[in-house]
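Let's start with one chain on its own, the form predicted on its own, as structure tokens.
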Amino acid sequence: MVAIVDAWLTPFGKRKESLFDLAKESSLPLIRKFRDAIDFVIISNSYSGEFNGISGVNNLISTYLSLEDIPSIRVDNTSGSGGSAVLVAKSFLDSGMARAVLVIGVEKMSTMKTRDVTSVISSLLPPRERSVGISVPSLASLMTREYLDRYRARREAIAEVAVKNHRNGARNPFAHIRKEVTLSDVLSSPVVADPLTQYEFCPISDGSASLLLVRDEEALSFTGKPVYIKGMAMGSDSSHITDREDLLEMRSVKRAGELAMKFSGVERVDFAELHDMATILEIVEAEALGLLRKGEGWKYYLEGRTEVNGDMPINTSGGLNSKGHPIGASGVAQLVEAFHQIRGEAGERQVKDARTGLSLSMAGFGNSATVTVVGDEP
């Protein structure tokens, strides 16, 4: 088993700092404390080539941090890079190849205009689907319409995801968007992909997040309050969205969730951090993971049950929707939030008596998914 013994992140947003300075900002507090123990560095980064014109980013960042004598690799799995990087780190530790692994997730995206960023990200779709104009936002639009029609869900329920996540983000000092919005604000904001509006998509963000992972038997020599990875698994699905039997069946998420929960021995988690690139995804993912009842997840948002003080808190950090989505950093930042929640350090966002949590780091539109279950005990 593996434990997270320290975690840090930068404020997300449109940052003037370089990719290297962002990585330094999130990792330096960990390096200063544990430099002599770190024996591997993993960089979670998806688009340093496209956004920043940089290749070999893992070696460049390691050198910038004066860690050039420590082996490093870069993990790129599009928007699921963070979870994938932690999975690789866990594998190194489980196999005995490393004793302490520093995972740094980082992305600087604000160098491009929104249209160009959307084009770069949508390049993960197969050519035949891109050629007819499909993009990731348009897939979210199609999913929303199918969900509303199939389950006779209320449109306001989808928008309430954004209301809730902006309320949480307003209480997160690291969030990109730190202001609350009303249901009217969400529904009246400009339409991005009908029927979804601007407030229902994540902003384009820069930022970085870092974790230090060690084997569980050594965790208490690093901190008195480790957070243990109790179960972790990855699932996959076709990149051809049009080949999937059902747009609302996120098979990669379901498979990863079932395995991670089985490995963890946990029956029900106390909170979850999900991949809400668009509001509809939070609901569909929560249903696929069994956190909310299938076809009825939308009702939980109208009843306030996914709030910080609800019976299934989701995205206490503000999620990608409010906290922001610097792609390489997002999956790592989800576990930073879980680390603070379980240690009782989440401030105004603290879930009462949180002992177990779940994070979902998803690549593409469910092309692959990594689910991590964490807890306060091995």
Partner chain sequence: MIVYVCNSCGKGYFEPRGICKCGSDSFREEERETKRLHCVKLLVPPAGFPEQVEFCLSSAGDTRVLELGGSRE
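Residue numbers count along the first chain shown, from 1. Just so it is clear, the model here is predicted, and its values are computed rather than measured.
The same protein has a further form, the form predicted together with the partner chain, not shown here; the description that follows concerns it.
**Student:** All three of 18, 28 and 205 touching the partner chain in the predicted bound form at 4.5 Å, heavy atom to heavy atom?
**Tutor:** Heavy-atom distance to the partner chain in the predicted bound form: none of the three under 4.5 Å.
**Student:** Choose one stretch from 245-253, 155-163, 298-306, 85-93: the one whose residues place a heavy atom within 4.5 angstroms of the partner chain in the predicted bound form.
**Tutor:** Within 4.5 Å of the partner lies stretch 245-253.
**Student:** Using 4.5 Å between non-hydrogen atoms, is residue 129 touching the partner chain in the predicted bound form?
**Tutor:** The answer is yes: residue 129 has a heavy atom within 4.5 Å of the partner chain.
**Student:** Residue 241 near the partner chain in the predicted bound form, any heavy atom under 4.5 Å?
**Tutor:** Answer yes; at least one heavy atom of residue 241 falls within 4.5 Å of the partner chain in the predicted bound form.
**Student:** Quick one: is residue 221 in contact with the partner chain in the predicted bound form, heavy atoms, 4.5 Å cut-off?
**Tutor:** Contact with the partner chain, no.
**Student:** Does residue 259 make contact with the partner chain in the predicted bound form, using a 4.5 Å heavy atom cut-off?
**Tutor:** Residue-level check for residue 259: no, no contact with the partner chain.
**Student:** Ok, 170, 73, 192, 181: which has a heavy atom sitting within 4.5 Å of the partner chain in the predicted bound form?
**Tutor:** After the contact test, the surviving option is 192.
**Student:** Would you kindly say which of 124, 134, 266, 112 lies with a heavy atom within 4.5 Å of the partner chain in the predicted bound form?
**Tutor:** Exactly one listed residue reaches within 4.5 Å, namely 134.
**Student:** Determine the residues of 142-181 with a heavy atom within 4.5 Å of the partner chain in the predicted bound form and present them in sequence order; the list may be empty.
**Tutor:** Contacting residues: 142, 145, 146, 149.
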